[in-house]
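Let's start with one chain on its own, the form predicted on its own, as structure tokens.
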Amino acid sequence: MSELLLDRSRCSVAGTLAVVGEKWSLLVLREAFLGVRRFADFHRILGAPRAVLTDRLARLVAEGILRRVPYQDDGERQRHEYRLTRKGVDLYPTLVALMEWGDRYLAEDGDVPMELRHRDCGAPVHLTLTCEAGHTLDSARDVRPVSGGS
């Protein structure tokens, strides 16, 4: 099928970008994957304006990517922390892909700011594209787009 005949009116890339494609949303997700849960910590680490951070967290909660969980420190009022949902955890490969691209094309002299390592054996983690038959794909040239799940 010609790429010109594919229906782009229901594009999954555009839909995903509408939900998480803004800089602060992706950075909130990065921090959530690194274990940050509380508003004050997101604010301190990211340096995002409070109103922007509040808006992005609310949007990620509304989209079901994060969930608010109440907590209360001794002598303090009840607050909420933000935890990844299953839907949020499923975005991890997306952030790993962005990180690997940045490491490859933006890191000077291969000096990457952070490595991901397998918790069990300590080996570096890399994202790979595979088909359902188990073949590893080397590039986009190994993929053929077809209409709707065919």
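Quick note: we count residues from 1 along the sequence shown, nothing fancier. These numbers come from a predicted model, not from an experiment.
Another form exists, predicted in complex with the DNA; not displayed. Remarks below refer to it.
Colleague: At the 4.5 Å heavy atom threshold, is Thr54 in contact with the DNA in the model of the complex?
Modeller: Because a heavy atom of Thr54 falls inside 4.5 Å of the DNA in the model of the complex, the answer is yes.
Colleague: Is there a heavy atom of Leu34 no more than 4.5 Å from a heavy atom of the DNA in the model of the complex?
Modeller: Result no; Leu34 lies far from the DNA in the model of the complex.
Colleague: Even though the DNA is not shown here, does Arg83 get within 4.5 Å of it in the model of the complex, heavy atoms only?
Modeller: No, Arg83 is distant from the partner.
Colleague: Report yes if any heavy atom of Pro113 sits within 4.5 Å of a heavy atom of the DNA in the model of the complex; otherwise report no.
Modeller: Because no heavy atom of Pro113 falls inside 4.5 Å of the DNA in the model of the complex, the answer is no.
Colleague: Quick one: of Ala62, Ala40, Ala97, Ala123, which gets a non-hydrogen atom within 4.5 angstroms of the DNA in the model of the complex?
Modeller: By the 4.5 Å criterion, the partner-contacting residue is Ala40.
Colleague: Which pick from Arg141, Arg10, Lys23, His135 sits with a heavy atom within 4.5 Å of the DNA in the model of the complex?
Modeller: Spelling it out, the residue with a heavy atom inside the cut-off is Lys23.
Colleague: Just one of 104-112, 86-94, 26-34, 46-54 has heavy atoms within 4.5 Å of the DNA in the model of the complex; which?
Modeller: Of the options, only 46-54 has residues within 4.5 Å of the partner.
Colleague: Relative to the DNA in the model of the complex, which residues of 49-79 have a heavy atom no more than 4.5 Å away?
Modeller: Going through 49-79 in order - heavy atoms within 4.5 Å of the DNA in the model of the complex - the hits are Pro49, Arg50, Ala51, Val52, Thr54, Arg56, Arg68, Tyr71, Gln72, Gly75, Glu76, Arg77, Arg79.
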